[in-house]
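Only one chain is included here, represented as structure tokens and corresponding to the form predicted on its own.
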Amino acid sequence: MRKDKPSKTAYKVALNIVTLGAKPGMNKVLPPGVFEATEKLLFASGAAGATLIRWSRSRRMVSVYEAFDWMMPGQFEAFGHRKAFCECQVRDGIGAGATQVLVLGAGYDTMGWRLAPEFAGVNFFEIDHPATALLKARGIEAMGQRDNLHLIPEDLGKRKLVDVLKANQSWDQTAQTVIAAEGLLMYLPSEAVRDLFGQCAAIAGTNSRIAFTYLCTGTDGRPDAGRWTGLVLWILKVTGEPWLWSIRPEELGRFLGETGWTNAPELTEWTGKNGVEYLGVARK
């Protein structure tokens, strides 16, 4: 992403969630209130105007998304399934004793804002690049701040996660934690992904878990986006937010073990591929 401007990907994903709210059946997939909260956040932050939001939540826009789904079949609905997956992991983790939740590359995600009042004894943290995080913070302030929601504007490409959280007095690196990295890893170089998992292991206590989405590596060594991989990767590159990292599912266990985590598919009922992404969870 361009370092001086809010993430275009985060913006598009948020609008996608709004549109999914108009698609029949998706209200049974996504958590209650996510569509409405996303609309409010986009408007309150100034990221999107009322006209665009109204158009995005129309059945006509659903048809537009579905018309373009040929490029990455299933990806339109997959954005909704991956949000449901991450929230399920957060709820399950809290139920198992977690007292901290960390969302990496949070974008305009509303999970922390929605869950913070429900779990008053849990601290929710979000980290994203300042260009996006500060815009979101303006929206959260207008919607109503939560005492146990901590928004951290930080460029993790310039400052390590361990240092960012060490400087935050509310963070407890010995606490059982749930970490969510939704739609993030594919935008990072390989060495940065490995380092990020290692740092996450260092800042989280025993029995913590990390939920993430990832792309499979194709036979040509590139992230696999399906039949139109070449076109998709070219579009992402020219728009400034290319896909860089991917891994084959059969290689995931070894990779996680090398970074301080244990692959834990038993912690989720979500298996297989949603759109072009796989859903993963690991425990410490």
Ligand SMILES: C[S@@+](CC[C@H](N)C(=O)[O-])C[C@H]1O[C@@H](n2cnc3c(N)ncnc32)[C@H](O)[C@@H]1O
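The numbering used is simple: start at 1 and walk along the sequence shown. Since the model is a prediction, treat every value here as computed from it, not as a measurement.
Form predicted together with the named molecule: not shown, discussed below.
Peer 1: Test of understanding: in the model of the complex, would Gly121 fall inside 4.5 Å of the named molecule by heavy atoms?
Peer 2: Close contact is absent here: in the model of the complex, Gly121 is far from the named molecule, nothing within 4.5 Å, heavy atoms only.
Peer 1: Does Gly157 make contact with the named molecule in the model of the complex, using a 4.5 Å heavy atom cut-off?
Peer 2: Heavy-atom contact with the named molecule at 4.5 Å: present for Gly157.
Peer 1: Quick check on Thr132: any heavy atom within 4.5 Å of the named molecule in the model of the complex?
Peer 2: Although the named molecule is absent here, Thr132 would touch it in the model of the complex, with heavy atoms inside 4.5 Å.
Peer 1: Would Lys83 count as a contact of the named molecule in the model of the complex, using a 4.5 angstroms cut-off between non-hydrogen atoms?
Peer 2: It does: once the named molecule is placed as it appears in the model of the complex, Lys83 has a heavy atom within 4.5 Å of it.
Peer 1: Have a look at Ala78, Ala106, Leu115, Ala98 for me and say which one sits with a heavy atom within 4.5 Å of the named molecule in the model of the complex.
Peer 2: Exactly one residue meets the criterion: Ala106.
Peer 1: Which single stretch, out of 161 to 169, 137 to 145, 68 to 76, 177 to 185, brings residue heavy atoms within 4.5 Å of the named molecule in the model of the complex?
Peer 2: Selected range: 177 to 185.
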